[in-house]
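Just the one chain here, the form predicted alone, laid out as structure tokens.
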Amino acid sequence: MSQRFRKNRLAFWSLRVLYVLVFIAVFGDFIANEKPIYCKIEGESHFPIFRQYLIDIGLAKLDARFFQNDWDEHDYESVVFPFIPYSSKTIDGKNGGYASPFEKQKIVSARYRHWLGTDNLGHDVAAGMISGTRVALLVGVIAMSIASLIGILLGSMAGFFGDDRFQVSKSSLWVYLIGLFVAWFYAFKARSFELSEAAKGGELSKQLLISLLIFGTILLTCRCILFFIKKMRWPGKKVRLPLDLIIMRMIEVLNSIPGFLLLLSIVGVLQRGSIFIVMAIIGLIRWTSIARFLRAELLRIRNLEYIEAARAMGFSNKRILLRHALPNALTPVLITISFGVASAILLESALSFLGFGIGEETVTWGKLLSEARRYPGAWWMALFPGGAIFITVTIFNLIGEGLTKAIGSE
């Protein structure tokens, strides 16, 4: 498959462009930052950017001498600055009010020029573009990771077991039904006040994590109870669950609601947005296509000869699904994930453009693009962020198209 993918020049070069974007996202702090990468003052060597990582996680503190002056005002014995001497949060008051990249700027040397211009407050657009690259890729990858986890789990169960192959004991069914109700009540209903207050105060991510831990702990307790029930040999009579019917109805209900409107209404309820909440919501509404694609593949695979042979040898359904059926069905799912990443980036950009869901401290391509709406004369605020969104979405679509052709020719 890799050789066929390489023959598709558009898809192959799109993958190389993606490598560049990943490099920019990972090493963005070393490309655009007002802090030096390395500096030596009074015989002491410092690595401010690396130290900032430790400060952010609470393992270090900034040296007092760096509070007194700006980073370009110290007497360095030796220093190495990033290529762009601004971060996405740096404000250059002298070049505020939408400084054009081609007009004369108030700078002491060419090193401090804003090559892509500035916004109204004086933020460097090039530094914002680099910060936006990291946000865009994080949203795409993390959101689709969540969607893939849910979609693969539900799609594999619907496709492999169908409506007549999944059996569960009555005791297990009742324990899980009661456990799900109890987990939902104590994790979300009983903690509704804490969750609502956290949404107002901007700590919703932390409170949601606590709720999920409570939910998982209660379900794990149910699993332990079932373990002892089986040891006592009191599993009860088995019943069949129409998994395919249940999961497909869930997909149809979710698909009947416009995804963007659902996302907009959820983030609109939150008084303080967070990029991580946006990632989670996109993942929770974008799993349906993956589930449907995987279900269709497994409906075909489960009747093949090697699956029937595995059943004849007495292998359990769990082993057949995880070791034989699912690995052969996952390859085409990569196509859906690739297109899904592009869709997630577009959704996040649209939300940022409208001013929903993203915190004020987070710089994204959509937020930069919204500046052009406020001041149409700042053409660079529309050209560069809009071009970045177009290129990124296009390369993911071309990669997905390349994977489609490579897999389809097998």
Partner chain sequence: MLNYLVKRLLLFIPTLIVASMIAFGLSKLAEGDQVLDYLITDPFGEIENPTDLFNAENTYQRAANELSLDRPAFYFSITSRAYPDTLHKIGLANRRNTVEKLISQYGNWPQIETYYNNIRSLELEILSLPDSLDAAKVKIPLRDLYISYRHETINNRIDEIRSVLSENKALSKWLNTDFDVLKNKYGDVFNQATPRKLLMPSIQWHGFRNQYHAWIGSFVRGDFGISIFERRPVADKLAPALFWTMVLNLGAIFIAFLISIPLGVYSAARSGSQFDKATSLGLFMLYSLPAFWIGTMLLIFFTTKEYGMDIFQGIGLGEIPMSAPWWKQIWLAMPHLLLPIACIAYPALAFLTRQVRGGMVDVLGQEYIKTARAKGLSEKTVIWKHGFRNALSPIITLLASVFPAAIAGSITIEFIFNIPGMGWLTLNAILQKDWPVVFAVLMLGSVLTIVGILVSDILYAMTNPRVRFGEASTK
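Definition used throughout: the rigid core is the maximal C-alpha set that superposes within 1.5 Å between two forms. Residue numbers count along the first chain shown, from 1. No experiment lies behind these values; they were computed from the predicted model shown.
Below: the form predicted in complex with its partner chain, not depicted.
Stretch-level contact check against its partner chain in the predicted bound form with heavy atoms at 4.5 Å: of 181-189, 206-214, 77-85, 118-126, the positive one is 181-189.
Taking the partner from the other structure, its partner chain in the predicted bound form has a heavy atom within 4.5 Å of a heavy atom of Glu252.
Using a 4.5 Å cutoff between non-hydrogen atoms, Gly314 does not count as a contact of its partner chain in the predicted bound form. Using a 4.5 Å cutoff between non-hydrogen atoms, Leu330 does not count as a contact of its partner chain in the predicted bound form. Residue contact with its partner chain in the predicted bound form: Gly268 places a heavy atom within 4.5 Å of it. Of the residues given (Ile37, Ala350, Ile41, Leu54), Ala350 alone sits with a heavy atom within 4.5 Å of its partner chain in the predicted bound form. Among Leu220, Ala110, Leu177, Leu261, the residue placing a heavy atom within 4.5 Å of its partner chain in the predicted bound form is Leu261. In the predicted bound form, no residue of 112-148 lies within 4.5 Å of its partner chain by any heavy atom. Relative to the superposed rigid core, Lys106 undergoes a CA displacement smaller than 2 Å between the shown form and the other one. After superposing the rigid core, the Cα of Ser316 is displaced by less than 2 Å between the shown form and the other one. After superposition on the rigid core, the Cα atom of Phe188 is displaced by 2 Å or more between the shown form and the other one.
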